[in-house]
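The data below hold one chain only, encoded as structure tokens and taken in the form predicted on its own.
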Amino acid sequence: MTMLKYDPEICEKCETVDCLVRCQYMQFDLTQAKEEKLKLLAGESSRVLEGCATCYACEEYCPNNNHPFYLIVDRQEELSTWPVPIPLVKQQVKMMSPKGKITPGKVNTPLINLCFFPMLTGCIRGRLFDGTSLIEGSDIFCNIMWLHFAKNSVIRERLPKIIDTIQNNYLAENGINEFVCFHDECYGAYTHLAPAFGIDVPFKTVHLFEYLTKRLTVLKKEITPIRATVAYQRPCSNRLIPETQHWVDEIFNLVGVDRVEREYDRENALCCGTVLRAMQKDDIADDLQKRNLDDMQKVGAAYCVFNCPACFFTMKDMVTERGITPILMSELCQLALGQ
């Protein structure tokens, strides 16, 4: 069993309790936050466990990198405080299990990992992805989504096997030691979650935004600036890897769009609402989606830019109804290249 690298003494001494005080879905003053944190440290029930929207934000808010969100998920599972109905959890765990259908094949660099989203293979096209090869499927699914389901045990069981599958069937066989993660989920799983759980990762991962920045720089003379205002829908998983955010601004600068300041962006970003609906908290989901969409419309966004497929499929019709075009980050780049 892998162990979470968490130091309770750090939390006991924390004076700000930013992980709870800054939460956008639960309201705590500093005194209440300290009381609830002590309950979590003692392994006791806390209203945090039922109220958590599993948005990952407290991982970013923690000034000590002490993994408060992973602790919350562990406590939810230990105390059977399931954020999502059990039948749905069991269905999803079974449906998204590895199928054992890996067929080792010839791949080359740059290698793109699409994880469990084969429906997005059409995005890997044109000058932006010249010479790339591709892997996808349930047998290389990073499994980070179980953070939303209070199932860290599934991650601990499956992620090491997924890492071995990728290493032994694709990388080692082809003399490759890195791949590009098309989603924040995968990059966050390998660079943040795995180390936090003490899981060894023998390969290097490259974030899609780093790859796009480098390719756009190479293709700079072929870019026609889009000249539009955009809203960026930041995914939950990007909370684990905030160091990647500067690439968003670099990409927007390269393709000629303006990410104007708005209320619900960057560290104050709101989630898409998918998990809250699975939790049957429709009133909260309705409220945050309305505030988010109002905010996008208020700044005059022509495009809503996504990187998470779940966010895209959840919100694409909503933003379209507001007169805003939903678009994946890679598609935005292709648009600037006239593809």
Partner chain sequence: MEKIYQELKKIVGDQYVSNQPEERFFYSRDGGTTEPCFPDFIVMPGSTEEVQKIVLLANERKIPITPMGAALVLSGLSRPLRGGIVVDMKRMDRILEVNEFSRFAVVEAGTSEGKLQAYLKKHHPSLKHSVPDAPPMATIGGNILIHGSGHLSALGGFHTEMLNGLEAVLPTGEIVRIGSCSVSPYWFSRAPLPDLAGLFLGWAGTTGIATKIAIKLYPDRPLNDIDIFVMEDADSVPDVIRRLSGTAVAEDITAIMTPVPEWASGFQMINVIYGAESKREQVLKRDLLRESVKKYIKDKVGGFMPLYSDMKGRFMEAPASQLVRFADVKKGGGFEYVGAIMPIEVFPDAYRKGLEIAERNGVTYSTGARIIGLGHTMMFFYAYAFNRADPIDVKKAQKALEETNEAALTIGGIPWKAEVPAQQGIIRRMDPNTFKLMGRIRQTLDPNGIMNPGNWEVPS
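Everything numeric here is computed off the predicted structure, so don't read it as measured data. Positions refer to the first chain, counted from 1.
In what follows, reference is made to the form predicted in complex with its partner chain, a form of this protein that is not presented.
Only one of Gly122, Gly126, Gly256, Pro87 has a non-hydrogen atom within 4.5 angstroms of its partner chain in the predicted complex; which is it? Checked against the cut-off, the match is Pro87.
To verify the annotation, which of these, Tyr264, Phe116, Trp247, Trp82, has a non-hydrogen atom within 4.5 Å of its partner chain in the predicted complex? Checking each option against its partner chain in the predicted complex, the one that comes within 4.5 Å is Trp82.
Let me test this: is every residue among Val206, Glu210 and Asn238 within 4.5 Å of its partner chain in the predicted complex, going by heavy atom positions? No, the whole trio is out of contact, none within 4.5 Å by any heavy atom.
Sort through 136-144, 165-173, 190-198, 88-96 and report the only stretch with a non-hydrogen atom within 4.5 Å of its partner chain in the predicted complex. Correct option: 88-96.
Looking in the predicted complex, any heavy atom of Glu44 within 4.5 Å of its partner chain? Although its partner chain is absent here, Glu44 would stay clear of it in the predicted complex, with no heavy atoms inside 4.5 Å.
Residue-level question: is Asn292 within 4.5 Å of its partner chain in the predicted complex, judged on heavy atoms? Asn292 lies outside the contact set for its partner chain.
Glu9, heavy atom within 4.5 angstroms of its partner chain in the predicted complex: Flag for Glu9 set to no.
Might Thr314 be said to contact its partner chain in the predicted complex, defining contact as any heavy atom within 4.5 Å? Contact check for Thr314: yes, within 4.5 Å of its partner chain in the predicted complex.
Can you tell me which residues in 45-62 come within 4.5 angstroms of its partner chain in the predicted complex, by heavy atoms? Result: Glu50 alone.
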